[in-house]
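Form predicted alone, single chain, as structure tokens, below.
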Amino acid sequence: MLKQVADVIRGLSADGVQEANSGHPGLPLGCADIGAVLYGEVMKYDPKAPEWADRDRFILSAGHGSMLVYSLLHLSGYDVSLDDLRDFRQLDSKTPGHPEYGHTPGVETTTGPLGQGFANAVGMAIAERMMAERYNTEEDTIVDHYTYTLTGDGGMMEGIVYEAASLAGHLGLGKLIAIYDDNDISIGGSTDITFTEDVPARFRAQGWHVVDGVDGHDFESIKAAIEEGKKVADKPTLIVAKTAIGFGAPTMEGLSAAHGSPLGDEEIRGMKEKLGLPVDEKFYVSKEVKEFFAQKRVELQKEREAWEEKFNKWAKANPELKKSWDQAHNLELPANFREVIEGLEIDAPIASRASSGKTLSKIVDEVEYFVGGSADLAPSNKTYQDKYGEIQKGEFAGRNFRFGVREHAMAAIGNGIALHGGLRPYVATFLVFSDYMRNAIRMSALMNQPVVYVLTHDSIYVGEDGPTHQPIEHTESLRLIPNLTVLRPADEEETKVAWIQAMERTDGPTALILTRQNLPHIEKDNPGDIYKGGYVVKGPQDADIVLIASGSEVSLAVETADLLEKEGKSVRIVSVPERRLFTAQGQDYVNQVLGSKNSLRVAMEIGVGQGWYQFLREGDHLVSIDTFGASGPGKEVADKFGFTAQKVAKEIMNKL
């Protein structure tokens, strides 16, 4: 029966790509046998309950082969119809070019950028072990599932896979099974033109159990490899499955031409004839395959219902654990959360990374499902929680991660933890290294995942480490990512509010941009307006000059205002910790905050400042940096680039 399932997958996949005149048929044809085994015999899932907490997860890291997963979702009974398959890659269809989380039932994560899904799978496997540690009891095991991921040669070339695999091996994630579609083909041709390393040896060196030499077209070999992997509880498993790209295509099997273009009508006809499928019927599903999955659904539903019965029994016996479970899965905050965090006493002057660290520690105490760590910069990022243990091999009860110097994988693993459910992650590094994480941050935003990014050392005030470590364009570039909230607080009070806003936001990621250097407390006329993303710190409506800034430049604006007032000028200071939130308040509010039309508006950013022009008019002024920084003590570097109150005030007076 599995052969029939696999061949139907091949027919559906080839037809879908051909109908769209766009897509990647090679992987679905080559991996149809693997998919048939996973969904037909191995995996635990229920199409009637796609969000079942204890389901096995399947992540198609090689997301370009999306017709494979769409065909499997249709056959196994998810809400993906034949019409949806016919609409492959069409606008607003359920079957977009690459799998999209939240768009297609049964898709666990958005994949396409190679390697992201692999690292997401590592995050999900970590979350499974952490949840098991927290909620399983001696009487009842309610968290006990596997994470499967499928990746190809291209994914294996990506650095993020190396990073994520290294951490997975270090942690001994025995519930993670990765299947390597080893077909020796890339877009450019044979992989031997670029990729000749010994992948199994690499994974063994990273602490993985490797099942090598598996025939990816032999069902018994695939099943046996998976069973072998399940027997190894203290290591993740890599199954090296030798496959032929475009398997079944009469003239294109094994060729790079099968990778990313429709096979063509004649090739598909020949493939169907070879496989015993009706040659003149598109999107064919045999009666036998329909009946097979209908029976499978009955069995899977019974398994899920048995789990629910056990879960209900566990919930009655463990009401406190059940309360914790619900709070974690719903990302609930304590009723007095704002009051507790706002009331936290933090002395100033203090670096915003340090006030962030104090706030974070309080949040971790208040929100038990909030977990995270740093890419080997915890002492600098102020993110390590001394009260709580670490996540290490065989030890998953802690709250602290040691991600190592693996920024890209760290961010994508964070996405996987968030996607799994039951935990909420934060991850941390220097702002300048957000470039290493950018694609994973973008994926957080695309998938609406509430990951918190703690990004410290935010400007040339980094000082002696020099321009390699001094962010210039980074804050502005993060602000460009849709659905990413970017909060750059000006003092300890704004930092507490920034964390409150990050925690209250559950429909997307938040980046906190924090200083290395100390910042003074800023007296504010209306501190409650901080929550609006932009507000008047002080100053009259009809001021001669309006200084607009975020982060450390707000205290610089306060100093500058003092000098300008001595020159007889009236000054309003506006802090804008989150520009998108500020503009979302409406133009009337923005105009009210920015003051008189006759004022000179001056925006200040200790980095590139193009984004501030949305608040400036012809004749207004921008103080910014559009070159790289320099090595030296932070204050001297700031002076070199004109970021002192004296130089800014002089620049403004000259402008007047």
Ligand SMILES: Cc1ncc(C[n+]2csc(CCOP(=O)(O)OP(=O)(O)O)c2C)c(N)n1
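The structure presented is a predicted model; accordingly, all values stated were derived computationally and were not measured. Don't overthink the numbering: it's just position in the shown sequence, from 1.
Another form exists, predicted together with the ligand; not displayed. Remarks below refer to it.
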property	result
Touches the ligand in the model of the complex: residue 431 (any heavy atom, 4.5 Å)	no
In the model of the complex, residue 113 touching the ligand (heavy atom, 4.5 Å)	yes
In the model of the complex, residue 259 touching the ligand (heavy atom, 4.5 Å)	yes
Interface membership of residue 123, the ligand in the model of the complex, 4.5 Å heavy atom rule	no
One stretch from 547-555, 185-193, 521-529, 352-360 that, in the model of the complex, holds residues within 4.5 Å of the ligand by heavy atom	185-193
Heavy atom within 4.5 Å of the ligand in the model of the complex - the one residue of 534, 372, 229, 152 that qualifies	152
One residue of 267, 84, 476, 158 in contact with the ligand, assessed in the model of the complex (non-hydrogen atom, 4.5 angstroms)	158
Contact set, 6-35 vs the ligand in the model of the complex - heavy atom within 4.5 angstroms	27
